[in-house]
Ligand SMILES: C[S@@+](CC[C@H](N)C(=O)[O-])C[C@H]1O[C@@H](n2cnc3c(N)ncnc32)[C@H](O)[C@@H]1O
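The chain below stands alone and is given as structure tokens, in the form predicted on its own.
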């Protein structure tokens, strides 16, 4: 060989082992558009302003929502995560076959970790975030290290006295705290949506104004679909002294204008649509010869003939019918919906015209199958809070396990408006709560034979049995011998909903399972020496992988960081006495054996090469090994050289 093959070692600092760097991606896009405005990786704003000319607003006072911390909240969305998602097959249902995900963790960190694998792939997002009532605010964002804050909050890292309280009006930054929580999450959520994807957000009067403004900021006010009003109660709430509250809102935004074009309750009926409308003024239309079909009896019809609707139509010319078609031009006076120009344009596109025996004109639009009915801005037939209460009580066998859940029928209605035509796609809910969104997706798949997937994210918020609002839920989890947190309720609902669906629809063969993952720190050890015991730190640093992590933990972190779906197929083979994993049909090949000697290098490499050739993946393959497994650098170099000789040049070690 002319050059020595190498096996580059991946560390905690490498981009391949971190979540997507949104900031770096933004700079690259600017560099492509305005290369002269980027110098040594930094933006020269003076040059950029010159290039954009009058499009830059330099005023200090401008229209828009601003609050203390907005700049830091925006920066928080751009900061990569150094966490990972650890697989939990023991908590899952149908781990080997399911395409659904349930992720425990702070949704800010999880949304960052999902960027490489799911950016641009999510069809619909529905969220029911905290309404900022002063009692439900539990997201402990910390700008310098949100993951560490989360690990302490959930008790995974010891920190005596660490406690996160609710966001009360006495805090002094009541609205500001909520905005700082929502803004970075919406920024990250937008990147996950497909170009024709949509987001729905439930909210009440308290923050609907602020939410709409930050959504205008994130998605663009031109992508607002509607501020829907949802009838949440049949009788109204008496919590207010001024009115009985019966409604909430659902804000709907499209990722781009492409999403606006595809949105609707469902395709229009394929039935012919009437061309006559009583309320219109009388117009005169001329239908060209051989363009009108009819159910009239064959024969000749004189001018002036009128049918049952004689006050509506008058035939100005005689016409003849043969074999269900009108041979000559037909001129008619009546209250038509269209003008002559509109009729001519439609017929040129292929729209058909039909005259019934009742003398009613109807049309079959050329694009009728592609058109969708726009939904009403009032959602009044999609279930209420009372329905949600009854659904949960029936599933769990006990009342008030989870407060303020949304009914399945509401989420099902919203999902159907986006995925009705394709009946597939990923539905994401990163404030999962009791898991209503997943229940709705599964229910809709049963109804129409769809194969929609769901991804849920829920913070494992601790349940304190000594607090009145938590007592029922805490006792419920304790009865199941599960940890006392909200995420356990989410998972239990998914299990029970699946059983209910199987009982009610035994012929349904669709996906009712889910894979559980839990947010944690990376499996890759960072260099953080203990100054009081430096020899021990040096010994630990030999292996970059943490000792308490499994092969599966490391494997799924690789999937995340290399941008592969967390449900991608994984095969395992025993090659030369070592476990080797093939991910995605050979796109990624991983061997995390603890020891690879010089003698084992040849047989192992040959086995990998043979398997790779049999798999024949379409794209390039990345091979990953445990760095500390190699007896020495010679063994590592020899393995890389053999693989490179057979076209496997992208070889890495951890």
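For clarity, every value in this text was computed on a predicted model and none was experimentally measured. Residue numbers count along the first chain shown, from 1.
Although not depicted, the form predicted together with the named molecule is the subject of the following passage.
- Taken together, the three residues 87, 523 and 559 lack any non-hydrogen atom within 4.5 angstroms of the named molecule in the model of the complex.
- Heavy atoms of residue 107 reach within 4.5 Å of the named molecule in the model of the complex, making it an interface residue.
- Remark: residue 185 counts among the residues lining the named molecule in the model of the complex, judged by a heavy atom distance of 4.5 Å or less.
- At least one heavy atom of residue 461 is located within 4.5 Å of the named molecule in the model of the complex.
- Residue contact check for residue 112: none of its heavy atoms lie within 4.5 Å of the named molecule in the model of the complex.
- Site annotation in the model of the complex: the residue of 430, 476, 200, 219 reaching within 4.5 Å of the named molecule with a heavy atom is 430.
- Site annotation in the model of the complex: the residue of 287, 228, 338, 404 reaching within 4.5 Å of the named molecule with a heavy atom is 404.
- The stretch in contact with the named molecule in the model of the complex, judged by heavy atoms within 4.5 Å, is 124 to 132, chosen from 124 to 132, 289 to 297, 576 to 584, 75 to 83.
- The partner is not shown here, but in the model of the complex the stretch 486 to 505 reaches within 4.5 angstroms of the named molecule through a heavy atom at 486 alone.
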